[in-house]
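Consider the single chain below, provided in structure tokens and representing the form predicted alone.
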């Protein structure tokens, strides 16, 4: 069979083309299926969550943690339901990752609490004995970049039509609306409101004092982002 094809280059080329085209269709068609669209419960990031996502990327958290649960029993038993492509509809860039020095964080918001993240980021070994992860104490004093987060909100709203200010279905049958503030000052006020709710569940007096003064530490923004991963 192979010798026959080798003597007929045109037919061989057609066969190769058909094979590659078929494989391409297998890869592309699932993207048009219902499972690949934004799933119920997926919503755009708030301004504080986006600021926390920037902190996550800036500190290379994605170098050691993935956000992609594969459809294998060992993965779903440990991390929860496998990831659906629609759940990344508002991720730019995506943070799937492939290296797991630490565990996958796709659904970390379902099983870790605010105070756990607080202690983990300051001294990982205090909550995970034997952890090789370094501490990130500067996050407790550095201010989160709300300006850039708000700029990204405006960009994805205008360029990618991310549905800010629109009701989005939730898993319990209701709806949720993520507000896009009209101004930067409004975004800072909204972020501070979210930050106060996060800081209320934290132990650090330093963080609480900063938020009381109207400042938002990076750790608060990061925790808001991690809590949103569900």
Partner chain sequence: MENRPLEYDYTVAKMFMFMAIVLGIVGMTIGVVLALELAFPGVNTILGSGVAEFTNFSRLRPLHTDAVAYGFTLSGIWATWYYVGQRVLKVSLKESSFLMAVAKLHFWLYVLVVAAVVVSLFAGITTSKEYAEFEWPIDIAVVVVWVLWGVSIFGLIGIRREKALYISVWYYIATFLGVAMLYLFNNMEVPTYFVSGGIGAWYHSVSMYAGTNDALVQWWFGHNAVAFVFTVPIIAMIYYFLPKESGQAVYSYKLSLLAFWGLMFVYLWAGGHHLLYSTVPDWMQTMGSIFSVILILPSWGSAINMLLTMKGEWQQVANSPLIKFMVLASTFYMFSTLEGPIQAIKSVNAIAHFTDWIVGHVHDGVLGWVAFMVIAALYHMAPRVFKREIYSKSLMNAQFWIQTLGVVLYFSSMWIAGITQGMMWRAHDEFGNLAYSFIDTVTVLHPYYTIRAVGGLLYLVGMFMWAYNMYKTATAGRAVEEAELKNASPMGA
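Predicted model, so just to flag it, every value in this text is computed and none were measured. By rigid core we mean the largest C-alpha set that fits within 1.5 Å across both forms. Residue numbers count along the first chain shown, from 1.
The following text describes the form predicted together with the partner chain, which does not appear among the structures shown.
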Inset, instruction - State yes or no: in the model of the complex, is some non-hydrogen atom of residue 113 no more than 4.5 angstroms from a non-hydrogen atom of the partner chain? - result: no
Inset, instruction - State yes or no: in the model of the complex, is some non-hydrogen atom of residue 193 no more than 4.5 angstroms from a non-hydrogen atom of the partner chain? - result: no
Inset, instruction - State yes or no: in the model of the complex, is some non-hydrogen atom of residue 43 no more than 4.5 angstroms from a non-hydrogen atom of the partner chain? - result: no
Legend entry - in the model of the complex, residue 70 touching the partner chain (heavy atom, 4.5 Å): yes
Legend entry - Check all three, 24, 63 and 74, heavy atom within 4.5 Å of the partner chain in the model of the complex: yes
Inset, instruction - Output the sequence-ordered list of residues from 144-174 with at least one heavy atom within 4.5 Å of the partner chain in the model of the complex. - result: 145, 147, 148, 150, 151, 152, 154, 155, 156, 158, 159, 160
Inset, instruction - Spell out whether the Cα of residue 9 moves at least 2 Å between the shown form and the other one when the two forms are superposed on their rigid core. - result: yes
Legend entry - Exceeds or equals 2 Å, Cα of residue 212 between the shown form and the other one, core fit: no
Legend entry - Direction of Cα pair change residue 20-residue 69 in the model of the complex, magnitude 3 angstroms or more: farther
